[in-house]
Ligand SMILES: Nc1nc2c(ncn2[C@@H]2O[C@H](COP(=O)(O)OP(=O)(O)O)[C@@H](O)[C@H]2O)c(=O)[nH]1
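Presented below, as structure tokens, is a lone chain in the form predicted on its own.
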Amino acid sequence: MTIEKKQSEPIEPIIFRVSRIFGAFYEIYNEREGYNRAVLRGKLRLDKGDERNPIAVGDRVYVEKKQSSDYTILNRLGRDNFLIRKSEQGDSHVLCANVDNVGIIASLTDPETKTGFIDRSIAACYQAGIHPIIIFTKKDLLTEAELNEKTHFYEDLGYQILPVSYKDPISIQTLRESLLAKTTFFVGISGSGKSTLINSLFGEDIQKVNTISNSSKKGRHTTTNSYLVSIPPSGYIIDSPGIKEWGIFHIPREVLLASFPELQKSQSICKLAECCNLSDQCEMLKTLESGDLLPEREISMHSMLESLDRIHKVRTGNLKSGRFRGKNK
């Protein structure tokens, strides 16, 4: 008599969030199952489009597990939003998906995060429709007058500002409470204190922290791969590797201009509704060239606009800003 072996029945597909990506493998998480390893179904591996990877940290995915096997990601659910960097070669890198906030970690000193990085980050948030929070770190290294000068610069423009220090538990608790019940993507230059801040938020060594290089005063990279971690009792943080600047080649010029609140106000008085062809009559360009903007903001916007037209990548701060006139897209 022949006994037929029963094939393993697949478990009902369940929803996870992608918490980390390791080459061909994915770490996935949900509250019931915890952290697990998964692989992509073959069809998804081939369907990348112009992205480096069809799946990003923060994505919600349908996952199946057969007995005695890894989890398999069957499909990616629709995204509420996603944050992207795009190089001049057209290579798109989705940094995260389905987030409520972007926490722009900006160190006030040692090393100081330049306004150019903050403004590019804000522009990327504006284009993606994601709320930016500027989290100034190392506030204990400044006097109260210096701190007020630096924080009021962006606060007066209407941005949410949270100055913190790991030596000030109240500031850490205030930040922690603002992140609950939300998913927040953390981004900052190397040495901005991002890993130290995350460790302070969780009260444990979530990330290995390296010291600042004494020779260059630039941070050493500690995070090498974006990852998602839950904040009890609710909420998530997605941490990212320290980066030098945003690739903003995916942002149209008119959106870049409108990301500045002081320029967006001018857009509302444009005589041609929904025009934004950046002609000589563009109200935003008129305001930009009027000299009414703060010098730092004017230089920052010209730098971003010029970088879109340059063949080779140039870091923020290395551009000699000149006057910009609209060009065909």
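Note that residue numbering begins at 1 and tracks the sequence as displayed. Only a predicted model underlies this, so the values are computations on that prediction, with no experimental measurement involved.
One more form of this protein, predicted in complex with this ligand, exists but is not displayed; see below.
Put simply, of Q127, S226, T183, T196 only one has a heavy atom within 4.5 Å of this ligand in the predicted complex, and it is T196. Note on contacts: among K114, K167, R176, H131, the single residue with a heavy atom within 4.5 Å of this ligand in the predicted complex is K167. Proximity of G103 to this ligand in the predicted complex: non-hydrogen atoms within 4.5 Å are absent; the residue sits far from the partner. Not displayed here, this ligand is approached by I189 to within 4.5 Å at the level of heavy atoms in the predicted complex. In the predicted complex, I161 stays away from this ligand, with no heavy atom inside 4.5 Å. Of the heavy atoms in R120, none are within 4.5 Å of this ligand in the predicted complex. Exactly one of the stretches 93-101, 134-142, 152-160, 250-258 approaches this ligand in the predicted complex with heavy atoms within 4.5 Å, and it is 134-142.
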